[in-house]
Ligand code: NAD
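Next up is one chain by itself, shown in structure tokens, the form predicted alone.
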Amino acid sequence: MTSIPTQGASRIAFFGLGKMGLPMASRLVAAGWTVTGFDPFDGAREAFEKAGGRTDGAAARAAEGASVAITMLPDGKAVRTLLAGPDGIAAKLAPGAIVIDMSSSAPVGTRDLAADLAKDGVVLIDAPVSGGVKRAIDGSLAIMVGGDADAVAAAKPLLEAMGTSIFSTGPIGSGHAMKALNNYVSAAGLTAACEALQVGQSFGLDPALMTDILNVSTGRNNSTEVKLKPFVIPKSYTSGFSMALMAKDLRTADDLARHQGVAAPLSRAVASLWTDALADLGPTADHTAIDAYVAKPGKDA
């Protein structure tokens, strides 16, 4: 198996220079690696070049001879298309290359893709992240890594340039399973917090005071700590993480429960609620706009 190149070696390809991918790839450059980035949007490539990275307007050329390919794409289908579709780049990578899928992909699909790539001598590990754009910028992401232990160990220096909490979760697909379940818990907490504020405010409670009390009480969660005051109470809904991506992750968590034969009734209810919210508010809505959806008359979560 090919090892991770040392800093300065120009054998890393990074696919997906969006809100999360751009700062993550930039952290690798800042840590001393030479990274060739690809994104279909000119503006994304230009931003990465300003951060010191190299870019190519063709995915196949970016992948040519790379020992490591990192994907940060919308979902597992996009990852499969990039790697193993009719024009897949897997064949362009160096023999024994490692692919690190940092997207939020479906875990069962990740296992299937790993088996397909292995036929061509390419090793896939899944390493989704949590922490949002702010922690992507400062390199403090939490990263959940599944896959072959040797490949995970080889990838660790790269992952440590992007995150401060690196968890080895087990076999291939386990990182993506953990990410989906984490986002389910996060979305359930946000939904509950928004509903609580709405009920309390209708009774005369101040929502900012409610948030302060929640944050020193047993109701405290990530949403009460970092989302209510900046994004929900002022109704700005500008956290930077889309409702479409959260709804997708919730469907992934629900699909995983179904695949494992676990009833998970709350997971099913939350996934359904967010799917309906996405249909109502549209694909450009921020995920914190779930507050606006559950506040609509006649909405029973």
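Sequential numbering from 1, following the sequence displayed. Computed from a predicted model, the values in this text were never measured in an experiment.
This next part talks about the form predicted together with this ligand, which is not shown.
With the partner removed from view, the residue among Ala47, Leu245, Leu273, Ala257 that has a non-hydrogen atom within 4.5 Å of this ligand in the predicted complex turns out to be Leu245. Out of the listed residues Pro74, Gly170, Pro230, Gly121, Pro74 is the one that sits within 4.5 Å of this ligand in the predicted complex by at least one heavy atom.
The chain is drawn here without this ligand; in the predicted complex, the stretch among 61 to 69, 25 to 33, 263 to 271, 234 to 242 whose residues come within 4.5 Å of it by any heavy atom is 234 to 242.
At a distance threshold of 4.5 angstroms between non-hydrogen atoms, Met20 is in contact with this ligand in the predicted complex. Although the partner is absent here, Leu159 lies well away from this ligand in the predicted complex, with no heavy atom inside 4.5 Å. Contact annotation for Gly85: none of its heavy atoms lies within 4.5 Å of this ligand in the predicted complex.
This ligand is not drawn, but in the predicted complex it has no heavy atom within 4.5 Å of Gly57. Within 4.5 angstroms of this ligand in the predicted complex, the stretch 22 to 45 places a non-hydrogen atom from each of Phe38, Asp39, Pro40, Phe41, taken in sequence order.
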